[in-house]
Structure formats: structure tokens, C-alpha cells
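So this first bit is one chain, no partners, the form predicted on its own, shown in C-alpha cells.
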Amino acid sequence: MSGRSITDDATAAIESATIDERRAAILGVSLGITFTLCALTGLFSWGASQGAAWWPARPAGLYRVTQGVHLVSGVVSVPLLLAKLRTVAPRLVQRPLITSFAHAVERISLLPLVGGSIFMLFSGVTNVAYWYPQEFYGIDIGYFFPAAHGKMAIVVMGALVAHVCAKIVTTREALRRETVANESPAETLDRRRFLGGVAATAGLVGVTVAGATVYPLRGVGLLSARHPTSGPQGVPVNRTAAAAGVRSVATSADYRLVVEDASGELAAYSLSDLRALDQHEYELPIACVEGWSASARWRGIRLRDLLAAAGVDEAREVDVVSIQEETARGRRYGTSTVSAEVAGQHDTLLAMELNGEPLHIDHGFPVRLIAPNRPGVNQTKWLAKVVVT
């Protein structure tokens, strides 16, 4: 019978595995950068979608930049995380399990950090691809992506801070070393090849996803869920009129756009009334939380002009209400708030044309909101009301 114990075998496996601290440190720092970028731009996205007072109206294309960075940094994190897990996995069986207080903090932070990171990246990728397994199998678990994603982000970033505090000394020392102790030239080459392969994979994934928002890369956007010129009138569509259940009302001859305040209705405009008002055209981007964006020429009535015509003497905060708010499928995204700052912008439009053509029904016919530096989810389609708040 062999005299070797299970612990000896585990230790030998660790020593023979390619898990040097320098490799782990480099991957950890890379993940720290991509996770931080993803977290910050995710915070920006949340603030923009909630109409936070600190989110500015200009520059008009800022949101497409921050959300593009959010998408790319999140997707690039996938191969980095897989490589990190492959590198450190053998250490999880290392004995003793806990050697110090810092080691205990590191171990405890691993569960929310690793588990939360896997959830965040998986749910983010499936959301970009519009694939929701629970819906596919008909399971109602009350899952709403933005809420679940945001709450888990808090958990992951908290665990990441704890993990960084526990590992900062070890990581700094590993990065300062020019060579790894007891590492042969062949092992050094193997480590460099491994890290080079991870970097190449991450870079390739990033480039093929960035095509959704970076026009020069759209020809190689193989992993992009939406091509920036797909969809009616050369602009992508997330939700169609059929899916929102608004077609019959939106195309009715009795359509009216109502402007109201707390006292009641101020004005009501038919489609011909709206067309008779002064029309203006601007090029504005439309950018989605999934990371895609597209620039387009929008033509319509300035929101501030419509309010003035209805008797509102200055730009005010308003709620724009969609026809889908009245349907059973309009529980989310049926209403969005436009701050007084945004309402007063010269290029905040109630658009009726897109790229020189009457607005397609899937883009919000007969009239939709388009404003600078707002998430696409808040560029409300199929407008029914403008409510002065």
C-alpha cells in the first residue's frame, strides 16, 4: 500500500498544475479593470433609464458610448473569468483550507464573487441575445433582468472589493517578480502562451461584439445581437407593434395625441394636426441597453413647441405615455419621464418621420419620442399622451 495520503496527492496536483501566482495576478487585474468598467457604465445606464437628475442631456451621443463600453467590457470578461477559474481551481482543494484572517476573507468572498459573476455574465449575454430560458420553458419566476442584474451587481462588486483587499499584497508581489520561483523555461513559455491566448480570445470577442455600436467594426460584428442597420428604415427594432399589441389603435382614424396636466386635458391633436405644426429634422443616435446603437435622421415636432401650443409657457417635466400602457402587454416601458432640461432641448422631438420616410409602425407610428442622450427604452413609441407633471 502506498504511503501517500489524499492531502499529499492534492498538494502534488497543485504543484504540478500551471497555476503560478503571476498568471493568477495578471488575470485578476484584467478582470478587475473590465468588471469596474462594466459596473460604472452599468450605473450610468441605470441612472439614465431612471431619469436621474445627474444624467445630462448632452452630449447627445454619450449614452451610446457608455453602453457600448458596458457591452464590450462585460463580454470580454467572459473569457477572462473562465481563464481565471481554470488557473485557480486547483487551489480550492489546498490544505489547510484557511491559513489566516485575510485568507478567510478571501475564501468567504469567493462564493458571491464567483457565483455572482457567473450569473451576471450569463444573464447579460442571454439578455443581449434576447434568450430567456425561463420563458422558453414557460416558467414564471418573477425574473426581471434589469432589477436582478442591478442587485447582483451590488453583491459582486462588494465581494470584489473584499477580495481585492485580501489579495492586494500577494498580487502586487506577484506582479513585481520578473520570474516565478521554481519555474522552468518551458513552464514560463507555457504561461506566456496561455496568457497570450486569453488576451487574443478576449480581444477577438470584444471586436466582434463592438460592431453593434462602433460603425467601422460593423462588418466583423459576428457576435452582435443586432446589426446597426438591420430593421425597418435601416434602424433595429426590439419590440414590434404586434408584440406590444398597439397596431389597431395606432393606425385608427380616430387617433389623438392628448396633452394634459393635473387640471385635465389641455389639447388633443389628430395626425393631420400634428403634421400641420412646424417640423424639424435632426440626426440623433438611438442606443439600447443591450449595447447596440444606430444614428438616424428624425423629423417631427419639438416637444417644447407642442407644449407651448397647448398653453404650457415653459419647458416642464412631462411623462410621455404610450398606447401600450393601455394594453395588457404594456406594464413595462409604457411611460417614461422627460426632465425639464431634456424637454427644453431643441432636438427633443415627437418624431413622425425616420430617414426621410413616414415612421414605420414598428418604430412607433404615428408619433414617438426621440431625445438626446437617452436609452432607447425611454425613447417611448406609439405616443398617446403627454402629461405635464
Ligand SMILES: Nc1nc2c(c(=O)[nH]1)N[C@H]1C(S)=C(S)[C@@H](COP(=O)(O)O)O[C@H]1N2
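Position 1 is the first residue in the sequence shown; the rest follow in order. Computed from a prediction, not measured in an experiment: that's the story for all the values here.
A second form of this protein, the form predicted together with the named molecule, is not displayed here; the remarks below concern that form.
Close approach of R64 to the named molecule in the predicted bound form, 4.5 Å, heavy atom: Outside the cut-off, so no.
is_contact(P236, the named molecule) in the predicted bound form, heavy atom dist at most 4.5 Å: Heavy-atom contact with the named molecule at 4.5 Å: present for P236.
D347, heavy atom within 4.5 angstroms of the named molecule in the predicted bound form: Close contact is absent here: in the predicted bound form, D347 is far from the named molecule, nothing within 4.5 Å, heavy atoms only.
In the predicted bound form, L121 touching the named molecule (heavy atom, 4.5 Å): Contact check for L121: no, nothing within 4.5 Å of the named molecule in the predicted bound form.
One stretch from 316-324, 65-73, 23-31, 337-345 that, in the predicted bound form, holds residues within 4.5 Å of the named molecule by heavy atom: Flagged stretch: 316-324.
Proximity to the named molecule in the predicted bound form, single hit among C288, L307, A202, L113 (heavy atom within 4.5 Å): That would be C288.
Output flag, Y282, S295 and R299 jointly within 4.5 Å of the named molecule in the predicted bound form, heavy atom basis: No, the whole trio is out of contact, none within 4.5 Å by any heavy atom.
In the predicted bound form, residues of 351-384 near the named molecule [heavy atom within 4.5 Å]: If the 4.5 Å heavy-atom criterion is applied to the named molecule in the predicted bound form, 351-384 yields D362, H363, R368, G376, V377, Q379, T380, K381, W382.
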